[in-house]
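Single chain ahead, written as structure tokens, the form predicted alone.
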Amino acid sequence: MKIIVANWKMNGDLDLVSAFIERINAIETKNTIVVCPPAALIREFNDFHHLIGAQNCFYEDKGAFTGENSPKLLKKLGCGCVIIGHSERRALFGETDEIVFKKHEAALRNELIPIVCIGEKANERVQWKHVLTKQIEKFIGAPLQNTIFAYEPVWSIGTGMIPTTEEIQEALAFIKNKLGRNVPCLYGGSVNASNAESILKVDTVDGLLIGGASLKPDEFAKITMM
């Protein structure tokens, strides 16, 4: 069984929600499916037969934090998971490793499963082990029984370029060696119906975090049934 996560980012509308629910509810799969739509669309997934997640949360449950998503409220809205520390959050909104870890704690406190994103930039490829070590340093020794990690090399996201299966295997083995063999690790970055099957065959890959292809219900459905 694999974990297949759809990250819609800031995309989608009511028509896509309807088409997505109809298509994905109709499939039969042994895999765990999670869809993470924009926060404004979460309530529209009440009839979805699979898991709902959020794309971000704040590290406090409530307060004077205009524009932030309360993890406590996300749980009440029916979310079971939340993406933490996506590279776009780090690059565009200045999220640090410290902030990512605090959000991880907030998610666990509210019984949400954090999906913690890590990965190196193009100019860091030679030093990828150093980059990943720094990003997961605070998690070493922390409670991770209900945590998922997603390895998303930043240079691969939305570019069509992906690491080789050998490189993916090595990166996820490195993460598991640091955090524990039983910690689920996903791969993300330019995943589509053409390459998903070969990635899922990598023995260290526990699932996929999918961006653009998750906005195409038929393509996403194909991936979930692999």
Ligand code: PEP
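Because the structure is predicted, anything quoted here is derived from the model rather than measured. In case it trips you up, residue 1 is the first one in the sequence shown, and so on.
Below: the form predicted in complex with the ligand, not depicted.
Contact annotation for Pro217: none of its heavy atoms lies within 4.5 Å of the ligand in the predicted bound form.
Interface membership of Gly188, defined by any non-hydrogen atom within 4.5 Å of the ligand in the predicted bound form, is confirmed. Contact annotation for Val205: none of its heavy atoms lies within 4.5 Å of the ligand in the predicted bound form. Contact annotation: Lys9 falls within 4.5 Å of the ligand in the predicted bound form, judged by heavy atom distances. Comment: 84-92 is the region of 141-149, 127-135, 84-92, 68-76 lying near the ligand in the predicted bound form, near meaning a non-hydrogen atom within 4.5 Å. Shown here without the ligand, the chain has Glu152, Ser156, Ile157, Gly158 in 150-180 lying with a heavy atom within 4.5 Å of that partner in the predicted bound form.
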